[in-house]
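Heads up, the chain below is alone and in the form predicted on its own; it's given as structure tokens.
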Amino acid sequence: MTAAISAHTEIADGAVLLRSWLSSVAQREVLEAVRRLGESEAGFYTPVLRSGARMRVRMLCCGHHWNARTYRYESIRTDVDGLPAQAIPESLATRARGAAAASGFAINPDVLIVNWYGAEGRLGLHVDKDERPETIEAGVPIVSISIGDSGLFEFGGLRRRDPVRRFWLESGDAFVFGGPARLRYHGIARIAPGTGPAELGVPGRYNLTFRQY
């Protein structure tokens, strides 16, 4: 079942939804920054996993590149085109630090992964565990910001078979999970096409996830 959730809701211990965290103006600023990144030489690409399967999102990485074949971070996109990862725009890093602080955490983001979902975009249940062990053990959060179409978010437990809670992440929402929630399973079940703010004129959904490697 999906749930209707109001602003600033603790979904689980260490997991906080900041509904409508970004104003319309702020969403536009974030979108423009993402578009500049996407239009650069080291812009969006479709990751290919080590199984040979193509992910159902387009991706770009800043700060450090996440290699979909090795599940490791690197400075060069060796699994794509050999280009260096772009720097994280300070305007976006500031948004991440603010959302983390509002949720009772602190982060110094040195990785930004932007996933661009089309109408058929999906991301299966997974755990983000490729950061340094000491960062994960310290419970440094992941900060997620949504722009564009709504995505049906799945948030499970520490085991894949644990019950999953589903709720919509809408344009301007931020979701922060760290501490005891840092290694919970999560994913995107589907996208609701055409639900993004009309004034943004954005196709699909951009999800920005900030991490501290």
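Remember, it's a predicted structure, so these values are computed and weren't measured experimentally. We number the residues from 1 along the sequence you see.
Separately, the form predicted in complex with succinic acid (SIN) exists; it is not shown, and the next lines address it.
Asks: Exactly one stretch in 99-107, 132-140, 115-123, 74-82 has heavy atoms within 4.5 Å of succinic acid (SIN) in the predicted bound form; which is it?
Replies: Answer to the contact question: 115-123.
Asks: Consider the chain as shown here, without its partner, and state which of Arg58, Arg182, His186, His64 has a heavy atom within 4.5 Å of succinic acid (SIN) in the predicted bound form.
Replies: Only one listed residue qualifies here, and that residue is His186.
Asks: Should the three residues Arg28, Phe44 and Leu200 be counted as contacting succinic acid (SIN) in the predicted bound form, with contact defined as a heavy atom within 4.5 Å for each?
Replies: Checking in the predicted bound form: none of Arg28, Phe44 and Leu200 is within 4.5 Å of succinic acid (SIN).
Asks: At 4.5 Å between heavy atoms, is Asn207 in contact with succinic acid (SIN) in the predicted bound form?
Replies: It does: once succinic acid (SIN) is placed as it appears in the predicted bound form, Asn207 has a heavy atom within 4.5 Å of it.
Asks: Should Leu169 be counted as a contact of succinic acid (SIN) in the predicted bound form, where contact means heavy atoms within 4.5 Å?
Replies: Judged by the heavy-atom cut-off of 4.5 Å, Leu169 is in contact with succinic acid (SIN) in the predicted bound form.
Asks: With a cut-off of 4.5 Å between heavy atoms, is Phe155 one of the residues that contacts succinic acid (SIN) in the predicted bound form?
Replies: Looking in the predicted bound form, residue contacts with succinic acid (SIN) do not include Phe155, since no heavy atom lies within 4.5 Å.
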